[in-house]
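Presented below, as structure tokens, is a lone chain in the form predicted on its own.
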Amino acid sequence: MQTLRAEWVKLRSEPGLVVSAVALFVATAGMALLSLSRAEAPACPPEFPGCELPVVDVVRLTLSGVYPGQIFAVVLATLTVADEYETGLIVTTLVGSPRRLRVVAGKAIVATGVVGLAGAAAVAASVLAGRLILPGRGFTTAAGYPPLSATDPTVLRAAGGTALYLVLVALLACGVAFTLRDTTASLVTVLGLLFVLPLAGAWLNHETLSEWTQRYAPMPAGLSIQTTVGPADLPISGWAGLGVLALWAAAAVVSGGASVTLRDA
């Protein structure tokens, strides 16, 4: 408990970490609000009144703010760890808590806890915005789009999974930061895994590689939990995708724990 309390005090006293938590909420909810305000329900042109309309995944649309929001989750988690290595304060931390794995666990718990709270609040705000805005954009019950409800199991799964996704991304960033001990290198590594790796198949125009990245790269696998329209057509199911992301995060934490245990501060 003392380690957790100490890490919590450090986080509250560090302006950059507080700003990152606020930015996580603002970016996630703000992007959702922007996407919703620009959405338009598909409609048949006058000359084809009986056309077949595509079905829009309004839940995934509502939760689209996770894409910029996760950047601040990564920043917060990375700064929680790497900033102390760069300033040399990690030596004081380890002197005060000689059991090094406790330090790893304490920082990871505090960082992911803050990300989880900010992410859950942002997701809840996004769902509320979707419920209020979507009917005015043509997504009405008559058009086949009932109002979003937090009691709907499908909405609850996607929303809860999105908040959990942000927590796992933060845990991944913590592990990488403990391993690399450098803010810039850690940010580049984690953001590269999240944003660049999924594009590899498209860049190389390789069908097998593209399918592999959609199934096993952290971001597309983890965010498959948001899909509520045609989930059977995805390369990987929602909970299995979050499991893949959890394995990435676990591997990073194991690597970071080994680095802290086996290397000098």
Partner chain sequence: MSVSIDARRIEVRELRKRYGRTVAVDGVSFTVEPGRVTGFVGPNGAGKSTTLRLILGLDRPDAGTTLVGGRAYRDLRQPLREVGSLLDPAAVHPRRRARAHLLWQARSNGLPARRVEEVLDQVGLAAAARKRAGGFSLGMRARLGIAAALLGDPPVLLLDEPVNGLDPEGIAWMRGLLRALAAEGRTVFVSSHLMGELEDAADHIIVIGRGRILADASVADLRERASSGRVALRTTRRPEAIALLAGNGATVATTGGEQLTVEGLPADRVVELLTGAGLPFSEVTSHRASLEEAYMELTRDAVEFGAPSVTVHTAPSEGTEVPR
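Quick caveat: nothing in here was measured; it's all calculated off a predicted structure. Positions refer to the first chain, counted from 1.
The same protein also has a form predicted together with its partner chain, omitted here; what follows describes it.
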Report yes if all three of Asp57, Gly144 and Gln214 come within 4.5 Å of its partner chain in the predicted bound form by some heavy atom, otherwise no. no
May I ask you to check whether Gly160 falls inside a 4.5 Å heavy atom distance of its partner chain in the predicted bound form? no
Is Gly243 one of the residues lying within 4.5 Å of its partner chain in the predicted bound form, judged by heavy atom distances? no
Determine whether any heavy atom of Ser149 comes within 4.5 Å of a heavy atom of its partner chain in the predicted bound form, and answer yes or no. no
So, Thr154 and its partner chain: in the predicted bound form, are they within 4.5 Å at any heavy atom pair? no
Exactly one stretch in 185-193, 82-90, 124-132, 110-118 has heavy atoms within 4.5 Å of its partner chain in the predicted bound form; which is it? 82-90
For the stretch 92-113, which residues lie within 4.5 Å of its partner chain in the predicted bound form by non-hydrogen atom distance? Thr92, Thr93, Leu94, Val95, Gly96, Ser97, Pro98, Arg99, Arg100
